[in-house]
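Heads up, the chain below is alone and in the form predicted on its own; it's given as structure tokens.
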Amino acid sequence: MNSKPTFEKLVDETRHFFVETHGCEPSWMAAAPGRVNMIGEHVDYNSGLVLPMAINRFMIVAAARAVKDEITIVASSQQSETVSIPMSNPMESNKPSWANYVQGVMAGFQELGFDLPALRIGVHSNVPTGAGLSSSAALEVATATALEAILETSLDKKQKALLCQRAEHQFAGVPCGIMDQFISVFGQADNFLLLDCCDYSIKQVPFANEELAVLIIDSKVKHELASSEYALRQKQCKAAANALRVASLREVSPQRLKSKRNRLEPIEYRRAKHVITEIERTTRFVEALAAKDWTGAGELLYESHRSLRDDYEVSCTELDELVVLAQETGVEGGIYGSRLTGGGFGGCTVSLVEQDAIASVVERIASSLGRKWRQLEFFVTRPVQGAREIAMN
């Protein structure tokens, strides 16, 4: 377990990879963090409230001007292919590729009227891929931040986040919500971000108690049905909203849902129940943090997991087992609460833990799982700053 990865080491690794790949030093570098969502799951596409935090895992983009004016070359330390992007205007997406996240952001700058130079780009990261910690949004935001430095401009932060979301929609073909890009842009150290996905208003929520931390456990499991089931959940939520005659489930209170239950199919009712109660839980979680009621906040995490497991049906055996182990450890063992985070069907759990108990918590979980613990990755984080340009020496 690495609780404090060295940011400077990651920067040095990125510079070394860039020189090794492109044969020159980078002229610009930018970083953007991944994220974990503390609570407010599967409500972003229902105009709900979410509470993500930027984590101490980063995507770094390094760049220098290209030799040829018509082609940008993109290489990643985590990918075997190097991608050439023709500098046409407007740009068109290539075959499905990780580089489409970069190209989509470049296209967004073109649409704003910027004349982009051809570049040599290197990408390096310690954000786990496929773990639901938003490596794609981190890549988009880091690319946008690097382009700001290259073009000597500064976009409005909201505009920047929305540009990155459009890149994922149009070039990667992923109909994501706005949470991932917003937290990567707006993240602040020692703060969660309360984001209203209806009007994009934000509020920094202090998490300044250094005796507590967030433990993320990557199950290293990702079941293949995740993407198709995600789309199905969106469809079911929309059907429930239509049956209740509202634009989104955000407009429905728990009381109204119960009174109109006969309008919904049983599965639509369960999906709506999760969304509506999860929005309410997010508000209560923020109130618990303000009151320093860590036990109450932890119980809301467990409630969220039960709802995601039973009403939204996006959990899996591996995630359920990790949450049960957290509950068995309990407050006495240093865990206040735990739940699955992200889309589900694998990925990670997120837990609110006592800083001094982290080593014993990890040892207990690893011991309980026996040989299965070897596939897990444990890491500890506190909220960190969002995207930034890296000063070049």
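Predicted model only: the values in this text are computed from it and were never measured. A residue's number is simply how far along the shown sequence it sits, counting from 1.
Below, we turn to the form predicted together with a small molecule, even though it does not appear here.
Only one of V185, M179, V102, I216 comes within 4.5 Å of the small molecule in the predicted complex through a heavy atom, and that residue is M179.
With the partner omitted here, the residue from F109, Y230, Y269, W294 that has a non-hydrogen atom within 4.5 angstroms of the small molecule in the predicted complex is Y230. Residues of just one listed stretch (57-65, 361-369, 42-50, 325-333) have heavy atoms within 4.5 Å of the small molecule in the predicted complex: 42-50. Although the partner is absent from this view, G342 contacts the small molecule in the predicted complex, with a non-hydrogen atom inside 4.5 angstroms.
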